[in-house]
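Heads up, what comes next is one protein chain in two forms, each shown on its own as structure tokens, labelled structure 1 and structure 2.
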Structure 1
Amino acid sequence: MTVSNNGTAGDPGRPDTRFKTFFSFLITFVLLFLSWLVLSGKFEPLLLWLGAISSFFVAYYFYDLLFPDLESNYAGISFRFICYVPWLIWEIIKANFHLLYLAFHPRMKDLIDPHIITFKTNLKSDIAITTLANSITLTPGTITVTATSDGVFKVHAIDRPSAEALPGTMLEKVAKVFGEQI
């Protein structure tokens, strides 16, 4: 689900929707205030008050940007996402050496073979699609060209080995993080 064009998340009249709106506001507020604390690094009353006011202001007007869809289980997702990040970084580092090898190879033009591959996944939510797309882009050798909301990915790969690795384990991991079917 995306943010609707006129910017209101759902119908504010119904009580459960109103509660969800408040909940999304609260999470946004807490997150923003934490980031204020990290940014500021000073714990004086004046600055803390200013931080609270600023976080309130931003969270009040833009609460629907961070968490538009409160059906999902954000706690579980964020925990599994944090577990996913180290694996991703390790994967990025591993694959980067391949790209370094390509870049420094004297006969590079024989090694590379750019082409475009298309594959379809069953991911539904746009945050999952975005995570997969950005993971693919960060893993060297492949760049996501387009990713549509029905889960079709078009990927530009620089050579055959990096293209063959897709979608593979990365898709499984991302689907597991966001609790979706593969």
Structure 2
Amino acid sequence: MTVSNNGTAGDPGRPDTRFKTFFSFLITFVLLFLSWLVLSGKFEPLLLWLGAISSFFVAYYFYDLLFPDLESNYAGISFRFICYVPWLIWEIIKANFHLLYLAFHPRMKDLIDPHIITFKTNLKSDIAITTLANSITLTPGTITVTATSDGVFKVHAIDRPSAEALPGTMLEKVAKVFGEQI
């Protein structure tokens, strides 16, 4: 006896599933090849051909690694993330100046007061949790010690003002990028 799923959403033969798979492969291939071009800096025909072949095979086997569930909201998330990056860079610059102030202050030993704080977020997706954890770690003076899939973070901060600022605006911005409620 044969069982047919009559075109359900998980059907790999379904046209929209094949389109998503192809589009995911195409985006992965283009990103890999562009990265290869930028990093190699070589534009000889043989090397371009080898880079394209390598990018093709990696994209063929790992297309679902970068874009596992290609949905229509990826464009919006990508745009919001691109808008988030300049804000994050500005926060990193401000934190660098704060650490510079701490390092050269005559009472440095009194001002540096390390804390490990724990907080829970309502972030649900792994990519949002990872983005928040990496953003915290990229900001000088704070390091994400642990981040669980439940949204529980443990963060080391170099001083009390840095600890009190967590999770703060960064959590709101990351939640907004990924369309999650906080």
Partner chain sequence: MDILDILVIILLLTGLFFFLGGAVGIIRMPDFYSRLHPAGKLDTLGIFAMVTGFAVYNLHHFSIESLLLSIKMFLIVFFVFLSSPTATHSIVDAGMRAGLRHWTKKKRKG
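Numbering for residues begins at 1 and runs along the sequence of structure 1. Rigid core here is just the name for the largest C-alpha set that superposes within 1.5 Å across the two forms. Predicted, not measured: the structure shown is a model, and the values here were computed from it.
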Assignment: the form predicted on its own
2
Would you say whether residue 94 is displaced between the two structures, judging by a C-alpha shift of 2 Å or more on the superposed rigid core?
no
So, superposing on the core, is the move of residue 157 at the CA at least 2 angstroms between the two structures?
no
Would you say residue 79 moves between the two structures, meaning its CA shifts by 2 Å or more once the core is fitted?
no
After fitting the core, how far does the CA of residue 106 move between the two structures, in Å?
4.3
